[in-house]
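The chain below stands alone, shown as structure tokens; this is the form predicted on its own.
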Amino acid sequence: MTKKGRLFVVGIGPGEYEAMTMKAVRTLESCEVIVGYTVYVELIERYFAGRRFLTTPMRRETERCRLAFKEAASGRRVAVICSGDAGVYGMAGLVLELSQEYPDVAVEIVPGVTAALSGAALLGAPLMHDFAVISLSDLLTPWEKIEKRLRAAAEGDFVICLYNPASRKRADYLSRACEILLEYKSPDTVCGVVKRIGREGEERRIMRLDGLDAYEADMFTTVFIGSSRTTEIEGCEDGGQERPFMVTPRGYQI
């Protein structure tokens, strides 16, 4: 059966245009309509003039995807955008689930750079060995299950990357996670935080696990908790300014 329209689910990366993949840029340039959460559309709309932008606020994900499908079903090329990667806490899964209701629309997933990777690059190389990514948001996952995952990852000595560590309604969730992790990890475990990656007000810090609970995180923060091998290395960046790097050795050196 010939499809009438095409719907792309595009990961736009952390926020800055330069961090988007070439495929993501070319896909959005080829689309007539771009649909997304209001904040994400505001990040990219100036780079894709001439497109029609449709937005919905947070927690209206299903409505947003159905809106995109209806546009695509009329024969248009449409993109649903997500921050980071579309398949990592993004819209790819929901779009594919809903695609059964729109057999005339072809769907393609276009990957992007998720916060675990863009944040790690700002901190140094914290993910050089095995790591786990866990969201602290209990909007769709019960806290009991999140706690079980935290314990399993800590007991396995994984580097742990935390998404959605705090919000106005979940102000103490990072502190609660730290309390659990300290049952398995040393207080001196090297940790890092990055906030507003690739956007105005970008921030990065390296600290220890016993001080992480006091950090004022929000929904735009990504947290990295090292393994027992993760270390802090002094270095310098372009311009000669000294700053520490968070590194988890892969084991190449003897």
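A residue's number is simply how far along the shown sequence it sits, counting from 1. Bear in mind the structure is a predicted one, so any value in this text is a computation, not a measurement.
Here the subject shifts to the form predicted together with S-adenosyl-L-homocysteine, a form of this protein not shown in this document.
- Taking the partner from the other structure, S-adenosyl-L-homocysteine in the predicted bound form has no heavy atom within 4.5 Å of any heavy atom of residue 66.
- Within this chain, residue 71 is remote from the site of S-adenosyl-L-homocysteine in the predicted bound form, having no heavy atom within 4.5 Å.
- In the predicted bound form, S-adenosyl-L-homocysteine lies within 4.5 Å of some heavy atom of residue 165.
- S-adenosyl-L-homocysteine in the predicted bound form comes within 4.5 Å of a heavy atom belonging to residue 220.
- With the partner omitted from this view, the residue of 89, 102, 158, 173 that lies near S-adenosyl-L-homocysteine in the predicted bound form is 89 [heavy atom within 4.5 Å].
- Just one of 26, 208, 229, 199 comes within 4.5 Å of S-adenosyl-L-homocysteine in the predicted bound form, counting any heavy atom, and that one is 199.
- Residues within 4.5 angstroms of S-adenosyl-L-homocysteine in the predicted bound form, judged by any non-hydrogen atom, belong to 221 to 229 and to none of the other stretches in 208 to 216, 182 to 190, 221 to 229, 26 to 34.
- Every member of the trio 14, 115 and 195 reaches S-adenosyl-L-homocysteine in the predicted bound form with some non-hydrogen atom inside 4.5 Å.
- Residues of 66 to 89 lying near S-adenosyl-L-homocysteine in the predicted bound form, listed in sequence order, are 83, 84, 85, 88, 89, the criterion being any heavy atom within 4.5 Å.
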